[in-house]
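A single chain, nothing else alongside it, follows as C-alpha cells in the form predicted on its own.
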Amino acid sequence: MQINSPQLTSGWGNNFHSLSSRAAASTVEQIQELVSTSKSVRGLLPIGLHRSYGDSALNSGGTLIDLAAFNGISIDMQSRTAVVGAGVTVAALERAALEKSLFPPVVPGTGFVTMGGAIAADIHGKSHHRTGSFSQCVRRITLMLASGGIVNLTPNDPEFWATVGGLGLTGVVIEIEIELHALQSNSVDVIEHRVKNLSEMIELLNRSDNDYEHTVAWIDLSGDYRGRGVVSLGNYGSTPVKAKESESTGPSLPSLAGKNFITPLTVSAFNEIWYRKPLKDGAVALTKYMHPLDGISHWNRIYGDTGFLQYQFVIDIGKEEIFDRLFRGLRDLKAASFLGVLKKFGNASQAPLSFPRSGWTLTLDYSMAVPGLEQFLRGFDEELVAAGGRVYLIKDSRVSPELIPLMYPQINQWRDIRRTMDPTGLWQSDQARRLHLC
C-alpha cells in the first residue's frame, strides 16, 4: 500500500505540530502489510479525525494509519446492537441508529469522534452519572496486534481494558460491537437553570442525579470568577422534533489570518450574553443537545496560530475547595475561558488509563498566548495530585511525566499488559514519548 510523504499534522488545539507519514488503509490485509514491513524506529499509530487536543494522535517521524475507510455500520434490531468499523464517526452511528429509534448510550460533546478514537479515549458524555463511560456499552473489540494477528476482546479479557483508554497504543481497532439504547423520539426534554455561583451549581447538579439522564453545566470563568452559570438537565423525550441534516456539521468558520480572538474582553462579552440568553424548557433535537461544539465547524481557528490547550481534570466529591484555588489563580492571570464545563461523574470503569471516575470534572479552554498560564498550571497540577485528582490524557498537552503514575496508579499494570500485546514497541505516539507511558 502507498505511504504518503511526510506532512505536517496538528491536534485540534493546534498547539503541537508533527511531521509524519500517512497511510490510508482500506482493508485488514493492507494494515497487516504495513505492520509486517514497518522498519521505522518511530513506529505506527492508528488515527481518526485528529479531534484529540494535544499530541496523542501525532507520531513525529513515524507513520499514521488512517482508518476512515473502515466505515461499515450494521445494526441488529432484535439485540439492539451495532457492529461498526473503527472509522465510523459518532455522528454517523447516531444517524443510522436514529432511523431505527435507537441511540448510542454514551456520546461526547462532538459527533466528530471515530469509534477507534472513542475506544482509545474511553469517551464520556452528559450521562456518565447513569451510564458510565463508552466502554460500559461495548461488547466486543476486534483488534489487530503488533504481530498482525487479529483478536476479539470482550470485557472478560484484561487486554480489552488495556485497549479501552489505551490511547491507541495496544493495536489497531478494526471494529467494535456496541449496545444501543431504545428511544421514543429524536428529542431530549431539556430544562435549564441560571445559578449565581459555583455552590449553587454543585448543589443543583447533586440534586439532579436521580431525576435526569443527562446533566451538565456551563460555568462562567471571566469577570469575578465566582462560578455563575447555566445548568442543563435533560431526559430522552417522547415528542419528535424536526432536525436539520446539517445540525452536526454547522457552518464553517473561515480562516482568520492566524489572529487570536480570545481576549478577556471578548470572552467577558460572550459569557455575559451566554448567561443572559433565554433558557431552554422543552423538546430539543437530540443530536443538537448532545453536540453543542459542532454548531460551527473549525471553531478552533478562533485561537489563531498560537493555538490553545484544553485542561480537563476530575476531583473527588468533597474536594471542591480546589476550585477556589483554581479560580483565584485564573482571575489573577486574567485568563478568561468561554468554554467552561462542569459535570458530575459516576463510577469508574476497570480500564487502568480510563479517565472518568466518581467526582467532579471541569473542562477549560485557554489560549496558549496567556502570559504565565503554564507556570500556574504546573503548580496547580501538583495541588491536583495532592488532592487525589488527575487530568484527561486524551486532551493533555503539557502535564509533567512524573505526575502520571500518581494520577494513574494502575499504569504499571497497563504497561505489563501492553508489553505482552506489543513486545517490540510498534505502536507509538508523541504523547507516549513525552509522558513516558510505554
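One rule holds for the numbers: they count along the sequence shown, beginning at 1. Bear in mind the structure is a predicted one, so any value in this text is a computation, not a measurement.
Just so you know, the form predicted together with a small molecule exists too; it's not on screen, but the next bit is about it.
Trainee: Can F112 be called a contact residue for the small molecule in the model of the complex at 4.5 Å between heavy atoms?
Mentor: Yes, F112 sits close enough to the small molecule in the model of the complex that at least one of its heavy atoms falls within 4.5 Å.
Trainee: Looking in the model of the complex, any heavy atom of P108 within 4.5 Å of the small molecule?
Mentor: P108: contacts the small molecule in the model of the complex.
Trainee: When the contact criterion is heavy atoms within 4.5 Å, does I123 count as touching the small molecule in the model of the complex?
Mentor: Because a heavy atom of I123 falls inside 4.5 Å of the small molecule in the model of the complex, the answer is yes.
Trainee: Quick check on G117: any heavy atom within 4.5 Å of the small molecule in the model of the complex?
Mentor: Because a heavy atom of G117 falls inside 4.5 Å of the small molecule in the model of the complex, the answer is yes.
Trainee: Among 38-46, 369-377, 406-414, 383-391, which stretch sits within 4.5 Å of the small molecule in the model of the complex, heavy atoms only?
Mentor: Contact criterion met by 38-46 only.
Trainee: Can you confirm whether W12, H50 and Y53, the three residues that make up this candidate site, all sit within 4.5 Å of the small molecule in the model of the complex, judged by heavy atoms?
Mentor: Yes, all three are in contact.
Trainee: Which one of I178, V173, A336, V188 is close to the small molecule in the model of the complex, taking close to mean a heavy atom within 4.5 Å?
Mentor: Selected residue: V173.
Trainee: Scan L309, V84, L167, A217 and let me know which has any heavy atom within 4.5 Å of the small molecule in the model of the complex.
Mentor: Spelling it out, the residue with a heavy atom inside the cut-off is L167.
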